[in-house]
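Quick heads-up: it's one chain on its own, the form predicted alone, in structure tokens.
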């Protein structure tokens, strides 16, 4: 593939140093590697400008070469796993194009890491609420492309709620800018929202315009422990009925608790238990008052209720919560974890249903996630060396999608469809709506070269 690399090298400023003639194994997978998902490609390109992305796209489109855009590779749906052709890595596009703290806004390129966007806001007295996992690795372009969520999406919304504009390259190599700094705009179709969450199948996001809010003064979490999922789900509904809007409303089921029990930074009931975390935020007085209400809502039926007080204790609690997925990885070395979403009043049904599917398939299970959103990380555990167990785990995921459909839910609350859930859109939409997805894909990408096999049917 040396000739291919040489031709691509003429399109980017780094020349041969910005192109790899073969795709290293680290770029043929993402966070789905534990389930055995790995792709292949013919070359890797590292553009540094939007114009270079457009040039590479035009070159590929003229020759019928597939393109897989790639950010930090932290996705759980296989969206960055290549199906041949060119892997377009955006990690060198790291410029902050503009920052206007007094107007609460910025424009950053796709390769800026999530943690750096959060830090940029914080250092200017502002707050960027989206907090998907792997903030040190994930990039803002990938977060926008998947419309990533996180614990604080309950109050503040997913990533797309903070995007006011998008710059993207669309086939056969045109640069478009949609949205912008205006607060209201109904002059055309909402193309910005269409590109958000499109997983690189309609266009390659090269820069995003973001909005911030003033920094939050105080955050006070409350943690309740319950004997089972039914009691925990009732506590979640009690929080919703309390009149307070929690900044986050999370849960860990009994099996997840056992996986991370030893790492818990405070006291915990010795018996198996289900945990709910609710966080109040605002001014110190507002957060303190709201915490009292949430603590009361969580107390009914609880084995124990904890209210971490100091900054260190609060930070330790959230580090513990953020580590659940990594701890689940370490149990057997492999996992199939699906981000299903159900109506919040069906949360206990989904948790118990996940457990029953695991029993039926002979697999250990656990689940945790964003209780207030009804968004579960329903997880089946297996050894990477056990091919039969992996097959059973993938079959369990199919069972889970069927359960989700029965509960009136969605196959993906925040990770996206990617390769993992390809062909499953019919579980969320009727035939006419699925056909609209096909037509939109064809309109933007008639040759089906942008991230082929992902998102759209």
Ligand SMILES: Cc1cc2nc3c(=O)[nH]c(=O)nc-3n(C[C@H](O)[C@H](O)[C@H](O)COP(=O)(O)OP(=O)(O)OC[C@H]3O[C@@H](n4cnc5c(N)ncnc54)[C@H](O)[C@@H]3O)c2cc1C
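Nothing here was measured: the structure is a model prediction, and the numbers come from that model. Numbering follows the first chain given and starts at 1.
If you look for the form predicted together with the ligand, you will not find it shown, but the lines that follow are about it.
Interface residue remark: residue 134 is counted as part of the site for the ligand in the model of the complex, having a heavy atom within 4.5 Å. The closest heavy atom approach of residue 370 to the ligand in the model of the complex falls within 4.5 Å. The ligand is not drawn, but in the model of the complex it has no heavy atom within 4.5 Å of residue 337.
In the model of the complex, at least one heavy atom of residue 414 sits within 4.5 Å of a heavy atom of the ligand. Only one of 343 to 351, 302 to 310, 147 to 155, 240 to 248 places residue heavy atoms within 4.5 angstroms of the ligand in the model of the complex, namely 147 to 155. Against the ligand in the model of the complex, the set 90, 200 and 205 is in full contact: each member has a heavy atom within 4.5 Å. Shown without its partner, this chain lists 72, 85, 374, 221 as candidates; in the model of the complex, only 72 has a non-hydrogen atom within 4.5 angstroms of the ligand. Out of the listed residues 294, 80, 366, 236, 80 is the one that sits within 4.5 Å of the ligand in the model of the complex by at least one heavy atom. Residues from 310 to 330 that approach the ligand in the model of the complex with a non-hydrogen atom within 4.5 Å are limited to 326.
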